[in-house]
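The data below hold one chain only, encoded as structure tokens and taken in the form predicted on its own.
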Amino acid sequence: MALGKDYATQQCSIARALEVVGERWTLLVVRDAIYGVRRYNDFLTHLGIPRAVLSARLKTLTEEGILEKRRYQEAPPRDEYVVTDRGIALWPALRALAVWGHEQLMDHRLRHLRHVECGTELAPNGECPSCGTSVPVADVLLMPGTGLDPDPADPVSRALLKPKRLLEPIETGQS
């Protein structure tokens, strides 16, 4: 029997969520958007994703209200993709996958998540151990870890070698 293309017969919220974000590149596009990537070429070079796949993922994420397409230049017309509140709501799932990947699959830390306000590294559940609060994504500082390539080829990876607040746009100089 052929593998189905959807989960229409599943009465499950996980199955419905996978309809939207279950394709292998989708969560990486959302992760990059939360990291501050907004421009098509930046997604393309950072992810190493085929153009047709990226275009399809951006279209789906825009249609689903996870990203919003905004014009940033009129001549020639160019758009950027900004993560919406609905996309930000995926942050706990992305953070949980990152924690699981680190704990189960890696022997070194690629990135650290810290509370902007006090500098404390976040607990796996996204809370600040010092402040005792759940830290909103906009108050998370992304810090490079020891496992990152110190001289990456693409401009997004180079930008992510410096501490940066999540959701703030990454400037790479590419259009």
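From 1 onward, residues are counted along the sequence shown. Quick caveat, the model's predicted, so the values are computed rather than measured.
Beyond what is shown, the protein has a form predicted together with a further copy of the same chain; the following relates to that form.
No member of the trio Y72, V83 and R165 reaches a further copy of the same chain in the predicted complex with any non-hydrogen atom inside 4.5 Å.
Although the partner is absent here, L142 is not a contact residue: none of its heavy atoms lies within 4.5 angstroms of a further copy of the same chain in the predicted complex. Taking non-hydrogen atoms only, L28 approaches a further copy of the same chain to within 4.5 angstroms in the predicted complex. With a 4.5 Å cutoff on heavy atoms, N125 counts as touching a further copy of the same chain in the predicted complex. Under a 4.5 angstroms non-hydrogen atom cutoff, a further copy of the same chain in the predicted complex lacks P136 among its neighbouring residues. A heavy atom within 4.5 Å of a further copy of the same chain in the predicted complex is found for one listed residue only; from E63, D149, E121, E117, this is D149. For the stretch 74-94, the set of residues having any non-hydrogen atom within 4.5 angstroms of a further copy of the same chain in the predicted complex comprises R86, A89, L90, P92, A93, L94, in sequence order.
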